[in-house]
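There is one chain below, alone, in structure tokens, taken in the form predicted alone.
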Amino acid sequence: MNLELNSLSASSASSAVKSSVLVIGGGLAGLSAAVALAGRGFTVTVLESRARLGGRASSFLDPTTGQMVDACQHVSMGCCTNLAHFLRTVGIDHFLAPQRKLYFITPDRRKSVFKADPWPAPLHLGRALFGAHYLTPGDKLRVLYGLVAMLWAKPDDDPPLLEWLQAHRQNRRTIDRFWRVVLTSALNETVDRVGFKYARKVFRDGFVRHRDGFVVHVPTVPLGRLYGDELRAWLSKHGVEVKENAGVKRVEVGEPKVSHLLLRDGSTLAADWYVLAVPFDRVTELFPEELVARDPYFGNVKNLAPSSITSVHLWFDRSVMALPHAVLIDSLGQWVFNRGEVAPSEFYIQVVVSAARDLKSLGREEIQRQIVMELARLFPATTSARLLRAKVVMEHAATFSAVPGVDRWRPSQASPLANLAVAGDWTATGWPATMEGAVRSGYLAAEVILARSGFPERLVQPDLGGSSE
């Protein structure tokens, strides 16, 4: 089913157009639900509490230059079929550039290039794995054994990952230099805390099923620009009204459905249908206490735990690295993104530290100092460059923590309230907390409303290389 077709059949579209939808939240989950429903004849209004769209995929203005800077670098992968579909639908997919080579660097400045060979999956990355300089020949055989065992496991098995790795012949070096390097960035959680299920998901979908699954796609513009003019033009063309600075204080329930919304400014809004697309830590405060206490669908969300991300933004007076990016081994930072010369004689570098809860006690100045020292060890040009300015951004609740068994706390998009669907990467998407998961949740929420309206339709796109497992 192609979401880019902007209507259902003539009869279903004429019925759907009579229905109004209020989407609470202008992040990717809410936007994808809005795009799906607007393209099918619904009258959609998006309520966003801030003065911008994009949710956690946000930018801020650098006060020195007025440049738009991402709070944290967001990237996609080739396996993210629904995110790609959403970006293509609204006409902003050209703002992402594929990186078909990944560069892995160790503290001794040695580099390995990770790229696919012209062989079918899963053989396409074999030479890349066996060419990794930071693993011994024995380590590589251990990793290969672990990958095969992981892929043969049942998809819903979710024991603690570290215990599973240790039980499958992984040593400290393979855990630190292979499994941790990939999974901490992908899942925003440490190997000792994460569950097996989504670790398997990362390797299966990202590296094994399809030749292009591992390809990283990096935005070429700030996220604030990505969710800017072109997206707004699409929304306007399809009749989607966006109300910014329109925070919702309360979802009023006249069971068995939502009756209306109370906004923070005291006004109220009502519609035929509602999509709740807010962060998981805001859900329970929006509903009546007795509903949250009585219904596990809402109450279980309290069991989701946050995981943090820290990004360090650095502007130097000259170029300090030639690579477009680097994945760091045995380092505090995990990824370095080279954004080039963003102003005359200003070269911008961003370093991302995922699962950054241990950095809270350090303070921003110490985090900056350690990251700059690390860059100096990795890229000698840093030592002769002058640091013009820096900013450390800490997102304490960037994602939910993918601990073992986390899915028991993630609700489906079909809420027990007859006219409410729920979206967010924290809902039951089959994916970890990613932009792909957010878009999937929005499409699934739209599917709920379509089905309850009497016009069921499949909106979620197939996985790369075939349908879902």
Ligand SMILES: Cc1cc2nc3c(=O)[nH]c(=O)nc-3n(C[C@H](O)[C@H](O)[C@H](O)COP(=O)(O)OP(=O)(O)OC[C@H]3O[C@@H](n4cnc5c(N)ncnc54)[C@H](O)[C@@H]3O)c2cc1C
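Numbers follow the displayed sequence, beginning with 1. These numbers were taken from a predicted model, which means no experiment stands behind them.
Here the subject shifts to the form predicted in complex with the named molecule, a form of this protein not shown in this document.
- Screening 61-69, 34-42, 401-409, 425-433 for residues having heavy atoms within 4.5 Å of the named molecule in the predicted bound form returns a single hit, 425-433.
- When contacts are judged by a 4.5 Å heavy atom cut-off, N419 does not count as touching the named molecule in the predicted bound form.
- Looking at Q73, you'd find a heavy atom of it within 4.5 angstroms of the named molecule in the predicted bound form.
- Residue contact with the named molecule in the predicted bound form: R282 places a heavy atom within 4.5 Å of it.
- Put simply, M150 is far from the named molecule in the predicted bound form: not one heavy atom of it is within 4.5 Å.
- The contact with the named molecule in the predicted bound form, taken as any heavy atom within 4.5 Å, belongs to V278 out of L314, V278, I371, V258.
- Interface residue among R364, R88, R264, K101 relative to the named molecule in the predicted bound form, by the heavy atom within 4.5 Å criterion: R264.
- In this stretch, 184-203, not one residue has a heavy atom within 4.5 Å of the named molecule in the predicted bound form; the partner itself is omitted from this view.
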